[in-house]
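One chain is shown next in structure tokens, namely the form predicted on its own.
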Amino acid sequence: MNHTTVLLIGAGPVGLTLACELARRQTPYRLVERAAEPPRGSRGKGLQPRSLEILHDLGLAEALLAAGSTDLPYRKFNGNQLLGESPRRVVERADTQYPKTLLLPQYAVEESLRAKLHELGGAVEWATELGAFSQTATGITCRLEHPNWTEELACTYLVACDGGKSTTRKKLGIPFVGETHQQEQLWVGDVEVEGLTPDAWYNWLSPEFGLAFALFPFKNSTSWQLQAAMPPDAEGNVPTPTLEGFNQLFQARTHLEGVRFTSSSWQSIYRVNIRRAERYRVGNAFLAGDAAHVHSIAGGLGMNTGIQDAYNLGWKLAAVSKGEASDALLDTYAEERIPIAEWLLRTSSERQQVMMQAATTGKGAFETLATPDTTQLNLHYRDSSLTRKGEVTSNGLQAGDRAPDVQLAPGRWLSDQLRGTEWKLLLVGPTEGKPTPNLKLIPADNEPLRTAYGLSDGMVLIRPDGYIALIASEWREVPEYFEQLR
């Protein structure tokens, strides 16, 4: 029987991020995907500032920025009447290199992550799915199924990253608690458009449908993403979308002459589900991404929260599998991420209501979604058992917060020093002590840095996923912190 440390099910953004995290920590893994090839549809199309920081850590952010858009205005219509334009809202803040949401197709994010995984020596195993599996006290025995073979595999850990319809979650017997909003359905697809200039995000607003139609052009591509509200019939069904149907619906709702869709590479129906897995862990099996939580697409938070799930879990699986921490560290994954999922479901539902109200009254649509919270930079783990609470710094920073980025000089940011798999220790003032293994020391010899952290002396211990574990005044507190992880 073959063996690996971690078996990852599903090669979307979540599984790929987790595979990259394990690969760069030299933790053995397998990444299997039941699809025979990468998906074609654009699907999720927004990377929030916090996710861009994670992708910066992986060395991918700059290339993705070049491939996407951040500043396309919203061009609003009522039928064929132009209502005007609104600029994209940016939540200005100095503690990140990436204050703007980046819009690009999900497949571009996946392509970038697959290239990074290849660079790290890994690959996706396509057309391979998880069959039966069973757990013991020490691991999991799985059967992998491919059209041409089957394989018996033993793994220490299993992570389901296989989406909202996760068969792995169902096999684990984890309830997916929540509700389906049957009246909230959309036609979505990727189309090529004739007769529109790709210089704006086009929104058609309607008192009847709210968002009657939306078209978003992708940078460096002839493809646009299409979205249109589709009220279901009495049985809760909507017709299957087609290129002909897209054209007919567009003309019926916009009456805009000279515009047509010449081709469509992807069509789908989106139904709003608001659900969360009751548990994120059963034995040595875990859930991440849409397998753990699904919600309204308002705010573009789904792919982002999944990437952040993976970033939280990856370093913990590596540490425990290498004997650097006890199994209890893995319990902190659900402890920290379930409250984030609750925030996600609540926030996305609230933003959906705000957007629909604005659309039905003709005041706007997607420009109503952005808030300081939807950047996901304010999410924290202050109540986590991994957080050592102490004094709040002079500017309100405390343990459990995301470590703020700081521009140290033109073109030079603290986040460049925070990249990598180690824990980091920010040294403020004349602090001396004995270095701890796998700990990168960063002297706070820059006034903007000390100001941003609100400290004149002391230490800030930063976890591998960029959150503050401890704000200390004495060196002994650092080894004491690591000791409690064992």
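Quick caveat, the model's predicted, so the values are computed rather than measured. Quick note: we count residues from 1 along the sequence shown, nothing fancier.
As for the form predicted in complex with a small molecule, it is not shown, yet the points below apply to it.
Proximity of E33 to the small molecule in the model of the complex: non-hydrogen atoms within 4.5 Å are present. The small molecule in the model of the complex comes within 4.5 Å of a heavy atom belonging to L301. In the model of the complex, the small molecule lies farther than 4.5 Å from every heavy atom of L18.
Mapping the unseen interface onto this chain, F209 falls outside it, with no heavy atom inside 4.5 Å of the small molecule in the model of the complex. Here the chain stands by itself, but in the model of the complex one stretch of 399 to 407, 77 to 85, 322 to 330, 224 to 232, 224 to 232, has heavy atoms within 4.5 Å of the small molecule. The single contact residue among T375, T128, T254, T96, judged by any heavy atom lying within 4.5 Å of the small molecule in the model of the complex, is T128. Interface residue among H56, R50, R43, K424, judged by heavy atoms within 4.5 Å of the small molecule in the model of the complex: R43.
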